[in-house]
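What follows is one chain in structure tokens, specifically the form predicted alone.
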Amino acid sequence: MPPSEVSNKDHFKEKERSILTGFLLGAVALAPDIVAVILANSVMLLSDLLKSGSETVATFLSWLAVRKVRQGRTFDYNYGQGKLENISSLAVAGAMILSWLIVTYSAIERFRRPTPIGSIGLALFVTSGAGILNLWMWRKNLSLARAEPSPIIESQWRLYRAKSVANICVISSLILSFAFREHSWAAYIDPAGALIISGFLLLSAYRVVTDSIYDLLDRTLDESLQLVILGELAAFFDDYVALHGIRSRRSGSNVYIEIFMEFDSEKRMSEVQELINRMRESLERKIKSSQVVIAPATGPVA
């Protein structure tokens, strides 16, 4: 098995383990979260519970998608397997949007009918523990995303970043609400913190949705990668007659590049193929997870 294929499989296993760990941690945390909500009577904790529940379901769907991609790679859907990651990322974004709606509605209702919070001991303990785990998962998934960009891992680290900020907001809100509980205005701290969470969730969801939809629509590569391609074409400028087209796309964590070039008609096919191989290998080294196809052409390609 080629080293690149082994590395790719190892990366998928690492992604699968990371997402499964996040799902299991989220599922285990739901029970104490429910108890904390009942004891504290906090709209922010209720919102955080509903948010965590929807995110746990979305993380489970993401894990199923990555598992499907790792185990079911066939030649039937060469691009579709990667797009499955984008669809799963949209599921995570959907959970964020649902959470935003729930949090915003709950906060508005609490502003209309302010209510003092109750016991916060268990809530602080549970939220602090969840915050530490979410920070760890954020760092772990961000490291994976930097090692090999992937829509599903990109959405995961953004999700845990949002969860970490939400935990900080919850802890701060609980402490302030309890410390100033003797004042009537303290009842508004809880819903105000919930609105902060809702704004951050909406921003994160927007970023995940736009990135995933652009890839599903086969958006071309970003400018930095296009410059790498153009730089490579410039390096081989004297080896071909004309450039007739470049196509590029993403499918999950993979990059597909098609280049149509015209070569000197006096050259033998073996010479042309040797040149194509050198250009392809050079580009694939410089652009991680790329698959390059260089096709001879005698005119512009539509």
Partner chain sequence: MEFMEERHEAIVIVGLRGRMDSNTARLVEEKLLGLIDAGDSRMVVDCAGLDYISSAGLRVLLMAAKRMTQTKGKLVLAALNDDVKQVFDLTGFSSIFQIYGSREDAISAQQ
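Small disclaimer: the values here were computed from a predicted structure and weren't measured. Residue numbers count along the first chain shown, from 1.
Keep in mind the form predicted together with its partner chain is missing from the figure; the text below concerns it.
Although the partner is absent here, Met269 lies well away from its partner chain in the predicted bound form, with no heavy atom inside 4.5 Å.
Taking the partner from the other structure, its partner chain in the predicted bound form has no heavy atom within 4.5 Å of any heavy atom of Thr115. Remark: Gln226 counts among the residues lining its partner chain in the predicted bound form, judged by a heavy atom distance of 4.5 Å or less. In the predicted bound form, none of the heavy atoms of Ile132 sits within 4.5 Å of a heavy atom of its partner chain. The partner is absent here; in the predicted bound form, the one residue of Val57, Leu49, Ala29, Leu233 having a heavy atom within 4.5 Å of its partner chain is Leu233. Segments offered: 29-37, 49-57, 238-246, 270-278. Contacting its partner chain in the predicted bound form at heavy atom distances within 4.5 Å is 238-246. Although its partner chain is not shown here, in the predicted bound form the stretch 40-55 places no heavy atom of any residue within 4.5 Å of it.
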